[in-house]
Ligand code: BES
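Consider the single chain below, provided in C-alpha cells and representing the form predicted on its own.
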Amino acid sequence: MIVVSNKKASQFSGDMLVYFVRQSEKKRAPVCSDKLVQERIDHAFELGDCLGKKEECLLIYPERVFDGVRAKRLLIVGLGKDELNRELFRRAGGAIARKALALKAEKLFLVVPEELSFPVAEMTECLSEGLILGSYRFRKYKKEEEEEKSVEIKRIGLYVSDASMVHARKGVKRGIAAGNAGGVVRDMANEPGNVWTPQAFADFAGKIAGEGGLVCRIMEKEEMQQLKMGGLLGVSQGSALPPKLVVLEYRTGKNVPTLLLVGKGLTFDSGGISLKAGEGMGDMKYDMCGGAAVMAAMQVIAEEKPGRVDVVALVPATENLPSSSALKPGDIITQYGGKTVEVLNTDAEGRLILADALAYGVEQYKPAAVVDVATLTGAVIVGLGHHRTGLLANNDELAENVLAAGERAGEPLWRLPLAEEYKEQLKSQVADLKNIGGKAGGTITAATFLQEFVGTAPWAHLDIAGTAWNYTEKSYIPNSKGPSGIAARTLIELVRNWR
C-alpha cells in the first residue's frame, strides 16, 4: 500500500525512513533538507561513502538518543547530477524496493524532495512505479520453509507538504496503476505454458471486463472457420487446444476516435514443424508477452476511463506445436480478407495470427490508429540488443506519439524504416505472399508482412522480442532474465496523452 502523508518524518517509527539527495557539481557533500540527517551525510561524504550518485544508497542506523530520528533505519538515496527526469525517480524507487526487501523492511516512509525543480505529481508517480515494479516477485510455485519466506513491503508513506497533497495523490494513483500493470504482464508471462493457455487469456479478459465495465467477446474456432482466418487456424492446428480471438472494447459513449490495440498471444511456441532448438525453448512461454501487455493496459484503461478515445483490444491466442496435423513448410493458407500466404517456415507464426487480427480489427472497427505489440523476430535482438523495442510505422505522427509514450514510461523504442523495396523479399511464386523474407532485414520484412493487412489505417508495430525478457537490467526489474513486463506502460501512456 502506498499512501501520501503530511506526517512529519520525525514522527515515523517504522522500518526505514528515506531521504533523497543530489550529487554536487563542486565536490561538496550532497544537501539534505533535514539538518540532523545532513550531519550524517557530511561525515559519510568525508569518508567517500555518500556522493549522491544515481541509485547510490547510504544506510544509517540512527542512535535514537542523539539523532532525533525514531525510524529503525535511515536510507539516503542519490539522484545524481544530470537533468532530472521521470526515469531517475522510477529507478530510485526500484533501488529503495531492493534495499527494503534485502533488509526485510516492511514499513517505509519517503520524504519527497519538493525542493527540486520537478513536478511533485511526476515524482510521486514514478517513485510509486519503481517501488511496485522493484518489489515484484513470482513465487506461486515455490515452496519456502518458514524461516526462508520473503518479507513483503506492506506500507509506504510519501511525505509532502499540505500544498502538494492533491498533486502527489494524483501521481501516486497513476503510478500504482502503471506499476501494477507491469506486474500483471510479468505474472502472465511467468505462468508455465500448461497453465497460461488460450483459454486463460479468455478467462482473464472476462474477469477484467466484468470488473471494469468493458465489452468482452471471445471468438471461437467455428467462427474463425466461417470468417476464413487461415492464420490463426493454421498455426493452431498442431495443438490439442483450440485457438481464441479475445476481443475487449472500452467505449466512452462519445463521438471520439477508436484506437485498436493488437497483441500476439502465442502461449507456447515450439516452432511447429520448423522445430526450435531445445536449448532455451522453455523461454517460449514468454511468446505471449504482447498479448499480456495489451490485456494489462486494458485493465488500467477500464479503471481510468479516458474520455478522448475509445479503445478496442484484440489478442489472437494459440499454441504452435508439431503434430501429424500441424502446418507444414510449403503449405498455403488464406488469411482473413482473402490474401494467400505460402508458409515457408512454421516458426514465423506470429505474423500469421496477427495478420488475421489486424485485418479483422481494421475492417470491423474502422480505427483512427492501430498499434500492435509482439515478440516477433530474433532479428530485432541482433539489431537493437535487449535495450530498445523496435518500432515500425506507416504514419509519422503516430510513430512520434508512441516514441514519446515509451520515453515517458522508461521503455525506449527505436524506429526502423519501412519501404517498398522490402516487399520484394516477400514475393512468392505460388501465393500472394510468403511468410519469411530471408535473414536480411528480418524485423523489417516481418513488419512489411503485417503492413499488408492494415490497409491505409495509421499503424505502428512494436517488436518486443528483445525487451520482453532478458531486458536491460534496472533497479525496478529485479530479474532481468525473466519477463520485464514491457509495453503495457507505454500503451497506458499513449492513451493517457492521446490527442
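The first residue of the shown sequence is 1; numbering continues from there. The model shown is predicted, which means the values in this text are computed figures rather than measured ones.
Separately, the form predicted together with this ligand exists; it is not shown, and the next lines address it.
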**Study point:** Listed residue (E191, E249, D347, E303) with a non-hydrogen atom within 4.5 angstroms of this ligand in the predicted bound form
**Key:** D347
Study note, to complete from the structure: The one residue among L133, I353, L376, M123 placing a heavy atom within 4.5 Å of this ligand in the predicted bound form is L376
Practice item. With heavy atoms only and a cut-off of 4.5 Å, decide whether K264 touches this ligand in the predicted bound form. Key: yes
Check your understanding: Any chance I436 has a heavy atom within 4.5 Å of this ligand in the predicted bound form?
Key -> yes
Exercise for review: Report whether the minimum heavy atom distance between M284 and this ligand in the predicted bound form is within 4.5 Å.
Suggested key: yes
Practice item. Could you confirm whether K72 comes within 4.5 Å of this ligand in the predicted bound form, counting heavy atoms only? Key: no
Point to revise | Location of this ligand contact in the predicted bound form, chosen stretch of 451 to 459, 55 to 63, 426 to 434, 465 to 473 [non-hydrogen atom, 4.5 Å] | key: 465 to 473
Review point. At 4.5 angstroms, heavy atoms only, are V3, D15 and K104 all close to this ligand in the predicted bound form?
Key: no
Revision key, fill the gap. Contact check, 243 to 277 vs this ligand in the predicted bound form, heavy atom within 4.5 Å, ordered by sequence, gives K264, D269, K276
